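What follows is a single chain, given as structure tokens, in the form predicted alone.
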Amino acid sequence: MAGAFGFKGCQKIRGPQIRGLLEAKDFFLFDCDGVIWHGENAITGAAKVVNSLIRHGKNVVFVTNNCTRPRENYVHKFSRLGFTDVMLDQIFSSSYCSALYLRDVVQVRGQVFVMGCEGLRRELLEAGVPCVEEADDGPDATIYNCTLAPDVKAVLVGHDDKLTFLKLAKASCYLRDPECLFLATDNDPWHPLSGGRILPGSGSLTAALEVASGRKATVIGKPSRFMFECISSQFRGVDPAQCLMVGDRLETDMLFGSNCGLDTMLTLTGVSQLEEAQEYRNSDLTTNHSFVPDYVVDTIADFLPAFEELEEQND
């Protein structure tokens, strides 16, 4: 579809071009952080765009690598921020998809050791995936004298703001068993905070465990294709050619779209900026071209004039 519009290669689009996309696409995939909201503040116009897409009969789903909260919490957040038409089955988080992978794909027969927040554990338990209970090992516990759980068949790494050296050591011990699966919710290296600070992401914790265990993790979330496979299994007739992936991170969202055969759109309200996309586009390395978005907008609020044109046409 990008070729049909004639401006493939991270060029900014507006009005009539966006209207053409709205008419051509049936399925819209949105990242959340940096696209839909910043923390507890919705990006101006985002709620109106999402609500308008749904009311115009478009399929809208949200694909996020944020594994810290269960999907029910996302529904509440969407509602709180004015996204009145978003339902549970439209939300695909890396924690939810990890639970589906463990339950339906590998059909894990044993316990899962989780390096992650309570929201990740809740998502697994709601899917019927048994988790190792967090033990109170006491202040003097070390890897030499702590208790290791029996029958651990998988280690799952996500964002863990209570990570301890002991937890990392336990995970390393479980992964000594070659039959124990090594999974990561995502490989995001860091997340931006206000004031120029950053928060280490799940990818940084995964990297530490990869070094300690000498093994590579299977990544469930973006840019892996599995998240799109989850969507395709729950929504019938999903055609990649009719999809648009909208995100703010080149190495995650745009690569995800490229891996899944989707047209991609970068919005400049988050991590990546146009200059970075242009550098990837001009790179001599072919692999870097997978990071290049088909389209670029300043914000998804740029969709709004296109909706107004469509409504005037229908009137």
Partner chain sequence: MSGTKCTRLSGAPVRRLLDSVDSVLFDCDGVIWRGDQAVPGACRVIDLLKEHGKKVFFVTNNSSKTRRMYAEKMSALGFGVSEEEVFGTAYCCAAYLRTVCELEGKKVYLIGSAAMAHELEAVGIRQTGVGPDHVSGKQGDWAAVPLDPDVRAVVVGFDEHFSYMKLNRALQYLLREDCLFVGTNRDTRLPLEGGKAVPGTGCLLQAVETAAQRRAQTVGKPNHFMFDCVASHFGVQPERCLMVGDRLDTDILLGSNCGLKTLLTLTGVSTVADAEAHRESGCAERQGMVPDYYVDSIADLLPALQG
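Residue numbers count along the first chain shown, from 1. None of the values given here were measured: they were computed from a predicted structure.
Although not depicted, the form predicted together with the partner chain is the subject of the following passage.
Enquirer: If you check 205, 231, 180, 99 against the partner chain in the predicted bound form, which one has a heavy atom within 4.5 Å?
Expert: The option sitting close enough to the partner is 205.
Enquirer: The partner chain isn't shown here, but in the predicted bound form which of 149, 106, 125, 163 has a heavy atom within 4.5 Å of it?
Expert: None of the other options qualify; the answer is 163.
Enquirer: Tell me the stretch among 106 to 114, 220 to 228, 193 to 201, 84 to 92 that has any heavy atom within 4.5 angstroms of the partner chain in the predicted bound form.
Expert: This holds for exactly one stretch, 193 to 201.
Enquirer: Is every one of 143, 176 and 212 within 4.5 Å of the partner chain in the predicted bound form, counting heavy atoms?
Expert: Yes, the whole candidate spot contacts the partner chain.
Enquirer: Does any part of residue 172 reach within 4.5 Å of the partner chain in the predicted bound form? Heavy atoms only, please.
Expert: Yes, residue 172 is a contact residue.
Enquirer: Using heavy atoms and a 4.5 Å limit, would one call residue 189 a contact residue for the partner chain in the predicted bound form?
Expert: Yes - in the predicted bound form, heavy atoms of residue 189 and the partner chain come within 4.5 Å of each other.
Enquirer: If we define contact as a non-hydrogen atom of the residue within 4.5 angstroms of the partner, is residue 168 a contact of the partner chain in the predicted bound form?
Expert: Yes, contact at 4.5 Å.
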